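One chain comes next, on its own, written as structure tokens: the form predicted alone.
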Amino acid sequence: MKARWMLNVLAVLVVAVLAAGCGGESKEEASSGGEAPQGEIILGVPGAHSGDLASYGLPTVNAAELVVEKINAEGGVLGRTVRVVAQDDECKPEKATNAATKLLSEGVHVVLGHICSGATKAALPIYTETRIVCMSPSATNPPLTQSGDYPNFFRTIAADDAQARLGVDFAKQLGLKSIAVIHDKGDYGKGFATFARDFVEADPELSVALFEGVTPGAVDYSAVVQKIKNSGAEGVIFGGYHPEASKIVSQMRKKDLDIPFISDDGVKDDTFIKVAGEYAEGVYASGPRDFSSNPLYHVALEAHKAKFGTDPGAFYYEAYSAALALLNAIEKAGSTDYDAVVNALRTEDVDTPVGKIKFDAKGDAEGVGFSMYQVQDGQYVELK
């Protein structure tokens, strides 16, 4: 896979060099992936736009389109029109590399995405190699920023270690002592679950009754449900996404295993409630804090309702904030030059629906965090 994407990147770079020889590409254009036609600034938006996890990716496309529409109406960025170019990766790592390569061939300047941590991790080496800033509204795997491998990566959501800490602390507040920690074996789900397990093991009042991975896409999870039951666990912490969580919760309840189920922002989505139905009631899931008191939150909300006729989906406000941050950084940098844009992201505050933010040296947005939610009467309610 690594050799494959390197060849793809080299092919894109060869095309860019040839173009420079014919058209006199500037230094700024070379550092940002190539100048787009008519001087446009290209905002790439890769993510899950189809498949089971489209409910996570499509809100990001909507957010990008709405931000760009507003900014273009106000004169664009640096007097240039901004254009959104979307690429579907279905949240699959093997498709994420292809999506990234296609965006490079489009002359993308900055990237809003990817959505899932595994897909983000797969695509990041391509953007890093070609010095393209990439900002995710939802990829929470800690090493994406904490490893130091991706200086071009930023995110408008807190990392899984903070989310796992919240989940374990909440389990303790519920009075649970023996906890089954389940995950979907992916970078995101397993990463979250591993942090949760470690936090449980570090607490002398808690114990891990079971640490188990499940295969995504399976129809029947009765085997792991039986293991949970046999373990004597008083509650479950699950790391992963809503397709697996909805099946596990449903099968637990059908087997009269009515113990607390605590999960992550991969499950805090209305699709989980629709699929799990009555069995979703009472489930806990962490997610980004409620920013509804922020005036820009309402600007973003009303813009979505006006254009699409619905309330936004998961990670919409984080994506809207990321789009604003990226385009503001280009404006403040005075160019699409990679180093200038990175510096602006780290030094220039920008008002967004998730608050006034800038990014630390690792690429994490300062001041963002998680809250715990519970399904009550068919909808997620933030617990104070």
Partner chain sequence: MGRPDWSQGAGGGPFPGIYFKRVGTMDYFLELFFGGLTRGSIYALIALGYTMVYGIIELINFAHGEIYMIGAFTGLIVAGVLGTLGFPMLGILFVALACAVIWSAAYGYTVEKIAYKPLRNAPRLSPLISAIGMSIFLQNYVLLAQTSDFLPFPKLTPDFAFMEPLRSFVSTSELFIIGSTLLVCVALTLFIKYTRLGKAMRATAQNRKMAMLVGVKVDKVISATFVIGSALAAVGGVLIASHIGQINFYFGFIAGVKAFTAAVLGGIGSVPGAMLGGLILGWTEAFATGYVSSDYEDVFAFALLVLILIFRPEGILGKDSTQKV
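Positions refer to the first chain, counted from 1. Between two forms, the rigid core is defined as the largest C-alpha subset superposing within 1.5 Å. This is a predicted model, so every value here is computed, not measured.
Only in words, not in the display: the form predicted in complex with its partner chain, which the text now covers.
Per the 4.5 Å heavy atom criterion, its partner chain in the predicted complex is contacted by stretch 229-237, the sole one of 229-237, 127-135, 109-117, 310-318. Proximity of F170, H183 and V275 to its partner chain in the predicted complex is complete: all three residues have a non-hydrogen atom within 4.5 angstroms.
Although the partner is absent here, T81 sits far enough away that none of its heavy atoms falls within 4.5 Å of its partner chain in the predicted complex.
At the 4.5 Å threshold, heavy atoms of I259 reach its partner chain in the predicted complex. In the predicted complex, at least one heavy atom of D220 sits within 4.5 Å of its partner chain.
The shortest heavy atom separation between R253 and its partner chain in the predicted complex is within 4.5 Å. With the partner omitted here, the residue from T101, T271, N294, T194 that has a non-hydrogen atom within 4.5 angstroms of its partner chain in the predicted complex is T271. Interface residue among P142, P243, G76, P93 relative to its partner chain in the predicted complex, by the heavy atom within 4.5 Å criterion: P243.
For the stretch 296-319, the set of residues having any non-hydrogen atom within 4.5 angstroms of its partner chain in the predicted complex is empty. Once the cores line up, the CA of F272 ends up 2 angstroms or more apart between this form and the one not shown. In the core-superposed comparison between this form and the one not shown, V375 has its Cα shifted by at least 2 Å. Figure legend: C-alpha atoms of A365 and K172, shown here, are separated by at least 3 angstroms less in the predicted complex.
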